[in-house]
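Before any questions on how it binds or moves, here is one chain, the form predicted alone, in structure tokens.
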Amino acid sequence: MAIVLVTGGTGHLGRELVERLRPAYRVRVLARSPGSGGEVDWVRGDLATGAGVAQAVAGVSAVVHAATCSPAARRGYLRPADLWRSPLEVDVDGTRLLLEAAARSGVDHFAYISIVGVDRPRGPYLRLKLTAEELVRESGVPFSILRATQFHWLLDRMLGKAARLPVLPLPTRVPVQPVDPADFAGYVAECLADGPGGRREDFAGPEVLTLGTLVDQWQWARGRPRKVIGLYAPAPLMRAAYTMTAPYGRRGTTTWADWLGRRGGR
């Protein structure tokens, strides 16, 4: 059975990837804190330092690089510093180390997980993702780049933090197209079976919503009503938001309302 290495395998998307890939592959996961499940080959390591990378890549036929580091996503809200700096140790330095190890080991397929809209980046984190894509393209390792829109869990986390306030001032007309990580994991598995495909078709959720509608559905499902004040969305913001949707790409089947209902909604 072919061995596939998954980085970021303990994260929201990574766990879905491991479950989706296990029936067809022997799955190896590089993690700073390895799990104990015998159905996965765990390698202790850290992309930020390079520890364990060579061991993790040795003997694998494919790498699914889903590891990333976004402090804003981890905490669920933005700080001013996030607007001009994002740590590059995992997304750039770690990607470079992983690609070098993949090239030495003769990996057949390097699948890089990215974000819809990074070719027109707004903010340092998206610029790092674009830099990582460029490293993948220039590495000489056969590759696929798979971009997804914002994951449901991330929007849920950010709204949960925002709802600590009594009033939510938001640009309610901004478009969003959130996607279920499980749906995207199925697409990644499909692309892995197809082999290297370069820049693959963007993947998004089944519906484009306004931010106002998304918040309304979240408040109803979570039982946390807050007054929403609709802010004016200037043209640059609307254009930036549209670049992060994929209305003509591949779509998942799980709506935002469905996802909320499966996770403690009414």
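The numbering used is simple: start at 1 and walk along the sequence shown. Please read all numbers here as calculations on a predicted model, not as lab measurements.
Not on display, but discussed next: the form predicted in complex with a small molecule.
Taking the small molecule as it sits in the predicted bound form, is residue 161 near enough to touch it, meaning that at least one heavy atom pair lies within 4.5 angstroms? Residue 161: no, not in contact with the small molecule in the predicted bound form.
Is residue 207 close enough to touch the small molecule in the predicted bound form, meaning at least one heavy atom pair within 4.5 Å? No - in the predicted bound form, heavy atoms of residue 207 and the small molecule never come within 4.5 Å of each other.
Could you tell me if residue 46 has a non-hydrogen atom within 4.5 Å of the small molecule in the predicted bound form? Close contact exists here: in the predicted bound form, residue 46 approaches the small molecule to within 4.5 Å, heavy atoms only.
In the predicted bound form, does residue 22 come within 4.5 Å of the small molecule, counting heavy atoms only? Result no; residue 22 lies far from the small molecule in the predicted bound form.
State the residue from 74, 120, 79, 85 whose non-hydrogen atoms include one within 4.5 Å of the small molecule in the predicted bound form. It is 74 that has a heavy atom within 4.5 Å of the partner.
In the predicted bound form, the residue from 102, 185, 192, 113 that sits within 4.5 Å of the small molecule by heavy atoms: For this set of options, the contacting one is 113.
Only one of 233-241, 215-223, 66-74, 193-201 gets a heavy atom within 4.5 Å of the small molecule in the predicted bound form; which is it? Of the options given, it is 66-74.
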